[in-house]
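As a starting point, one isolated chain is supplied in structure tokens, in the form predicted alone.
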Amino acid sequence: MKTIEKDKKYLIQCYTTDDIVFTRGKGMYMYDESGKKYLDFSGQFSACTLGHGNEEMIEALKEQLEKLVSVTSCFATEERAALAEKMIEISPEGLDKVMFGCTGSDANEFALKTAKYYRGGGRVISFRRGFHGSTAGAAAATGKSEMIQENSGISELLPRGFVHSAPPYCYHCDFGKEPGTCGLQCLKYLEQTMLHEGGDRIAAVISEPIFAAGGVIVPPKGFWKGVRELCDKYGALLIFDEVVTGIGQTGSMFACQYEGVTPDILVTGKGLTSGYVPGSAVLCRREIGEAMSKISLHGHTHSCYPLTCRSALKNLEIIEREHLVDNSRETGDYLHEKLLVLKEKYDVIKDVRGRGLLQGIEIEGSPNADKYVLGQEFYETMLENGLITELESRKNLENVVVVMHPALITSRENVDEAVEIIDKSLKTCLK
């Protein structure tokens, strides 16, 4: 039985599965079972910070496998202590305590529990179009209207006390405003939401600094400083979900550093370990972390595993040594410029946005093409032509966005190759 047939016969197909079997990867490329090469501009959900098959990372993991692997969070290890110290070093000033997890979802879950406990309860406000994970609390905070929210049979699994506010989405402003003259109406609406929906207490406001899964939504300048001020005004904690945007993806170690806004709690994952081993982290202010110490509120068997910690340490070592955060910013700027050229060439490209190596292309339809059909065809054609991207396209969100967040090792030559495939693919789709 062929791999695809076996996969479909036995595996629960929770995700949309393309009929491709990948057998190996090296650097920026992945190879299928026939040997066909694909340029990976998705970073496999933005996890592969160092690209595929990094030999230095593999050697470090081999060493750790021979030394120590299975240790629960009940015991300290050299790797855990070293990574904790390193995370505080690279994080925004004021975040002095850290907790390690397995995935972004479980890290966000812990952040939400922390906020609720520290604040003594209260509502959590997030944003429509935001994504925070698939576990119960993280899914309740998600404003992207995933299946768990849409299906009444399972939506009862979501906890109460979560409220969604209007997102800072300038291209699709919920208020019909234009950038520059809007007076940050979305920020005013957030304050109204805090007053009218929060009741007498708000535990936290949670958001991605840049909404990745919602279509690479980059908030207007000043928005996050305004949110920070509102949280301080009403006593709410500010949680930044940097599972996608953290660890250099947007051209700084963390996206929140662009505006100099420090949250009370910061969550990261994916690129933390470069995807070689699952792992995530939650950072917070010292007083919050100390309040949570010794409370059996959250934990997993594989949290803090030495292999996870070693992979994160080696990943951060390579990122710093090779100046990959700088590369993300500089090569990301180059990618953005090249995509803007395509925008001038094709009327269906209505917006290009992003920071660093997190970029999005928003597609609109034409008289002869429904945008949702066009978006799917565009994605599939790029894949056929050897470029892996992601497609965020849901009718309830009213947008079709091709999302790219390639590895931090991306070169200008990789960008040129990707843009050539995008150009070729779009030309084919519009014939």
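Numbering starts at 1 and follows the sequence shown. The structure displayed is predicted, hence computed values, not measured ones.
As for the form predicted in complex with a small molecule, it is not shown, yet the points below apply to it.
Between 126-134, 356-364, 162-170, 183-191, the stretch whose residues reach within 4.5 angstroms of the small molecule in the predicted bound form through a non-hydrogen atom is 126-134. When the small molecule is considered in the predicted bound form, only one residue from Ala115, Ala312, Val244, Met99 comes within 4.5 Å through any heavy atom, namely Val244. This chain is drawn without the small molecule; in the predicted bound form, the residue among Ser105, Thr331, Ser91, Ser73 with a heavy atom within 4.5 Å of it is Ser105. Taking non-hydrogen atoms only, Asp264 never approaches the small molecule to within 4.5 angstroms in the predicted bound form.
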